[in-house]
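Heads up, the chain below is alone and in the form predicted alone; it's given as structure tokens.
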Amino acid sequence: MNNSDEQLIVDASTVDHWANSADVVIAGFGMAGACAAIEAAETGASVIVIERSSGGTGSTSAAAGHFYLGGGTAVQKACGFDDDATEMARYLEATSVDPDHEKIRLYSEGSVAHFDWLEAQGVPFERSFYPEKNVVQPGPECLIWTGNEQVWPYREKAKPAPRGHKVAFDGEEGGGALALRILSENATACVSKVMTDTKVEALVRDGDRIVGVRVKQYGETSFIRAHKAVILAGGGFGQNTEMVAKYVPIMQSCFVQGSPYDDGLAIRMGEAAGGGLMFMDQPFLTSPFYPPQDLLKGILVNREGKRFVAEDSYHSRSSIHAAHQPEGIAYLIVDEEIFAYPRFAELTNQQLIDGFETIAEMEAALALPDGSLQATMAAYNENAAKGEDPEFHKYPKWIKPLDKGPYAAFDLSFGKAVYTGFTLGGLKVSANGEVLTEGGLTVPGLYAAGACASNLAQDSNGYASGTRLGEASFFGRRAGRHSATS
């Protein structure tokens, strides 16, 4: 144990006074913390929630408000989509780097009931479907395709269904904040105490068991006893420059989304207590080039003039593939028929390089190898004329020959275009939220949920909008219930 670990763990024998106590102490009042608090309190347990900010905020407040849910929710049925838990699980397994079959099964089988629980809590969802390919609905419409369900090879591994459920909020931002406000108000009404403007600085350990926390509020230090468990729900580590440099250096060139308190403290405390870490090197990255959706009919090429991903992929999938191209160079090529400026071009600095009368002129202007882009376009157009894409199997809806000049190129290169992201790695946890060691043993008395824990979201290639809110709320509830009853 190094010095930083020692500062994060306090021996219970050195605590001479407990300022307060509860059965369950929750560090963090974002989506995971609020849901954990509600569930723990509903078992009859006493609960204290500790939050560094002045109220329930966290990264959820900046989210559009998508929950990735399926298996036949009331919204899916109302909108005419047939989905079941088995197909949902197959999809999640197919898009996971290392699928946790138990977590995926529980999440898929419990998805409908979880949606019903959210509605029962007062979180509003319309019975409506948004049919366009978009990053987020501009209005209160609920259901949308937010992943790679229709993208090859996933569409062959599981029956596609839209599973992004956006909170009914009239706008592209605010749905997450609305959901969190409702859930945090419900949690506040049923827990013993909510301590705001209070930082959990360390865990208190008695033998091998976590029994409380050390906190600082307005400069004063005190200790809070946890009779049953401490739940860490303190967010990711995107605002910790040292951790980003160590684990996900690619994010040093990105605009990092999330709360200013996403400093990795919850992860560091859990690790100091013996918890293992998972997927710490995996970020979520995006620089979306759609909407408008017709731009998906273009092609993405690298510095070799070659395609590298199916263009109809969810935006984080195409973005991470672009970022990993040689020198991060990526161009979006379109013809006159589908030309448009990307909706987020001003925010992402996806600059129009120029227009060109011929592909040969474009190839030379982009300094691509002689004949490379011409060969790529010729092969693509030949197959597209037959409605085919044998190289990347783009969904037929997005296939068309790019043969209506003039042509244009947008620069999506990593380091030139603005990429945004957040961290995905976190503490190794069981399906019930118990913090686990690298060897899979439980750390007694310690749980974690939300962005500081590793559950379903594993990498940018397989991510779908709504996964983070979905898993934070679902596994937050499981952590709250299990910690209160174990």
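Here the structure is a predicted model, which is why all the values come from computation and not from measurement. Residue positions are given as counts along the sequence shown, with the first one as 1.
Not pictured, yet referred to below: the form predicted together with a small molecule.
The single contact residue among K103, R205, K199, H321, judged by any heavy atom lying within 4.5 Å of the small molecule in the predicted complex, is K199.
Between the options E311, E149, D262, D83, the residue in contact with the small molecule in the predicted complex by a heavy atom within 4.5 angstroms is D262. The small molecule in the predicted complex comes within 4.5 Å of no heavy atom belonging to Q351.
Although the partner is absent here, A449 sits close enough that one of its heavy atoms falls within 4.5 Å of the small molecule in the predicted complex.
Within this chain, E39 is remote from the site of the small molecule in the predicted complex, having no heavy atom within 4.5 Å.
When the small molecule is considered in the predicted complex, F422 lines it closely, a heavy atom lying within 4.5 Å. When contacts are defined as a non-hydrogen atom within 4.5 Å, none of V230, G270 and F474 contacts the small molecule in the predicted complex. Figure note: of the listed segments 231-239, 290-298, 88-96, 120-128, the one touching the small molecule in the predicted complex, with heavy atoms no more than 4.5 Å away, is 231-239.
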